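This document opens with one chain alone, in structure tokens, the form predicted alone.
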């Protein structure tokens, strides 16, 4: 064809680092510590809820309400309403989406207009920039320091109100916090509910990322625009997965704050995994930073950058990317370069970190230990 085939909104966003690193991890015999998914079973109650959804009420094989299975939107409104200090209407303040990814895409399409500036705090999940650009917006990047306190969050909230800015808050890891730290939803701060979309994920909440059930919550005057995008795109999310998630939240609401709550048990277990990984990585000279939350820890590779600077790779390829590929091919360990989560102009400032996922089965961590034990002395390219 003589004319350009792809839509202009796809220009410059065709490369995806996950595709490349997933391919490399499959090509080589690696312990995959790069991608953020658990390789252990969801809790028994979640598995049972899904089984019941697929074998019980046969009508769960059919369409449900376009904006969310009613029992799910009802429990989400009740559960998160208490946390955010809001009386939430399941029909007006909650939208169920195909994962948190779907919630983000719907929000960008509904609210970002041609030429709008979108402030992205980096490191950021690398879908934010292409989603901004597909909506016609212009990404503006602000780099985060190693510490992010409640005081700084309050400053962000004050700036949003001062400049009449909407806030998209991706809170999929809200239950994964460690060492006594507490997650703070920005929508719970004074004056922020009215201008904030809070995005969550059942996959991250219940260790079932393949279910792809997410949600977005916010005031009706904003949410109605997301519903317009939703009804004119996917229209409806799979019913059975929503039914299973509804049961999981009903169970968690009964156990919330108690030792039997999965939202307490999961971070306790993953905190031990985190500490295990930190100790193991230190044994080969990697310098992990201790994370307060999420699935991931970041390791400083500055010493390797000094001792082995000339790793194979393209001239313009950041050092951490070359190191991650070298580690896959030579050490049998997969991690993700942190520069991936920064904008192009900032790659050079953050090319001495790599990211590991510690939300893994005990057997995976033991396999990691074996690879690290064989990594003796000063590594050579």
Ligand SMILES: Cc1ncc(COP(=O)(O)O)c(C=O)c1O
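Being a predicted model, the structure only gives us computed values, none of them experimental. Numbering follows the first chain given and starts at 1.
In what follows, reference is made to the form predicted together with this ligand, a form of this protein that is not presented.
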> Is there any non-hydrogen atom of residue 252 lying within 4.5 Å of this ligand in the model of the complex?
Replying inline: no
> Taking heavy atoms and a 4.5 Å cut-off, does residue 198 contact this ligand in the model of the complex?
Replying inline: no
> Even though this ligand is not shown here, does residue 204 get within 4.5 Å of it in the model of the complex, heavy atoms only?
Replying inline: yes
>> Against this ligand in the model of the complex, would residue 99 count as a contact residue? Criterion: heavy atoms within 4.5 Å.
In response: yes
> Using a 4.5 Å heavy atom cut-off, which stretch among 121-129, 88-96, 73-81, 273-281 contacts this ligand in the model of the complex?
Replying inline: 121-129
> Using a 4.5 Å cut on heavy atoms, which of 192, 172, 241, 107 is close to this ligand in the model of the complex?
Replying inline: 172
> Of these, 305, 287, 212, 236, which has a heavy atom no more than 4.5 Å from this ligand in the model of the complex?
Replying inline: 212
